[in-house]
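Starting off, we have a lone chain in the form predicted alone, written out as structure tokens.
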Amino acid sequence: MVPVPIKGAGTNADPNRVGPMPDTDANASLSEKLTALLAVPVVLFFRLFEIPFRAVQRVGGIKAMPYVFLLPNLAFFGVFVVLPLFINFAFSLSGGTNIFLSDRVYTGTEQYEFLFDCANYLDPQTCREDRFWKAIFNTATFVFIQVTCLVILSLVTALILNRKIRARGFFRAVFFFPVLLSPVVVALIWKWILLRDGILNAFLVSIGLDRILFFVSPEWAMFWAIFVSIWSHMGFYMLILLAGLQAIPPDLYEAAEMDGTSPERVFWKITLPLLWPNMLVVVVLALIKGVQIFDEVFVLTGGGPGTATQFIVQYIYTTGFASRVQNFGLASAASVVLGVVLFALTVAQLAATRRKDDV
């Protein structure tokens, strides 16, 4: 018995299929109707949304449209960045403990004069606000040692991980992983390791050595503040230098190898000059980050022992918010001084970036 094709099934109908065909046209029609129904509010929203944009385009032309799209971000930036800067500067010109500007007393540059009133700027003890200058010296010491070690270690690590070694991708991920952690988490991890009954002291006791009170000695506290900062940020700067190394044309190394050039000469004559724009960016970024150090050290040492690891940002925080008498004017003046330093470093970063693009 030969199966008879169903009438109306079309040329694509299966001749071996017996029985009625599904009503696919009806399902497709229902789906299209549902899609059109759901699209109505979306289309209506976009039609209403484009009315003001068409009006702006008719008045200002197509050149005005980028500013329209930037306007929300500019408004956000103005309200939460620019306006607080002016308010902070106004606070630095006032005195008293009141929080509202209308209730504060205008003192002019008195707060700045108080900060910079020193008989010898190299000796914080001769300054009226010795805590401010102690924080400046601590910050300068931290930045000099931390940035120097950070740049060198990042460069060495990038050079090693740029070679064809086994499990290179794994080691790159390992060195970059601390960058993904929160600074507070990093500080808590190392604090648990360095406590009197922490992991490191437990290891020292297990091999017959005495416990070391790392957070009681100023030298040890500064050392671990620098070490933890390097450990947590090195991966980011290593990545920048690694990108610079991979951008160097390999033909230069092949030509140097054919000429019998020593590896040391290749590094000083080829690698370092071509990597210098990246190095400059890394140095400036590390300087800015080092000057702004606060959260990691605050959780790790609390600025102690005493003021041995109290840096400039913590001084501003303590003076304005954490002290018994909250001196908003003095804290604002110190933050303006810090802002000037950061602005200079930012200008240096922009200049370094522009030079890198020119190269």
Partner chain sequence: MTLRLKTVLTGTALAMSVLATSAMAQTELRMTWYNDGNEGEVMRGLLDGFEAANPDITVVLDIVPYAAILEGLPVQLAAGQGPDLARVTDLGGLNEYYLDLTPYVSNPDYWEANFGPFLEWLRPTGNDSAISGFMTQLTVTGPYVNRTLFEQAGVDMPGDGATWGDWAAAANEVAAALDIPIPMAWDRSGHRVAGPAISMGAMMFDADGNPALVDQGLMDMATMLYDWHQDGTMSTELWGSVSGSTYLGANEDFANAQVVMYMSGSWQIPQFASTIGDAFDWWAVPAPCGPVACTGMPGGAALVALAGTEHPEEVGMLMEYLASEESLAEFYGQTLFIPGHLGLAAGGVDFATDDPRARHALETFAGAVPGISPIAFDLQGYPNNRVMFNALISRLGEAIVGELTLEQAFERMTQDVEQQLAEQARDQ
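Keep in mind that what you see is a predicted model, and the values were worked out from it rather than measured. Residue numbers count along the first chain shown, from 1.
Below: the form predicted together with its partner chain, not depicted.
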property	result
Heavy atom of each of 111, 314 and 327 within 4.5 Å of its partner chain in the predicted bound form	yes
Its partner chain in the predicted bound form: contacting segment from 122 to 130, 273 to 281, 149 to 157, 238 to 246, heavy atom within 4.5 Å	122 to 130
Single option in 53, 321, 67, 294 placed near its partner chain in the predicted bound form, where near means a heavy atom within 4.5 Å	321
Any non-hydrogen atom of residue 107 within 4.5 angstroms of its partner chain in the predicted bound form	yes
Its partner chain contact in the predicted bound form: residue 60, any heavy atom under 4.5 Å	no
Partner proximity in the predicted bound form: residue 216 to its partner chain, non-hydrogen atom cutoff 4.5 Å	yes
Close approach of residue 332 to its partner chain in the predicted bound form, 4.5 Å, heavy atom	no
Residues in 91 to 120 with any heavy atom within 4.5 Å of its partner chain in the predicted bound form	95, 96, 97, 98, 99, 100, 105, 107, 110, 111, 114
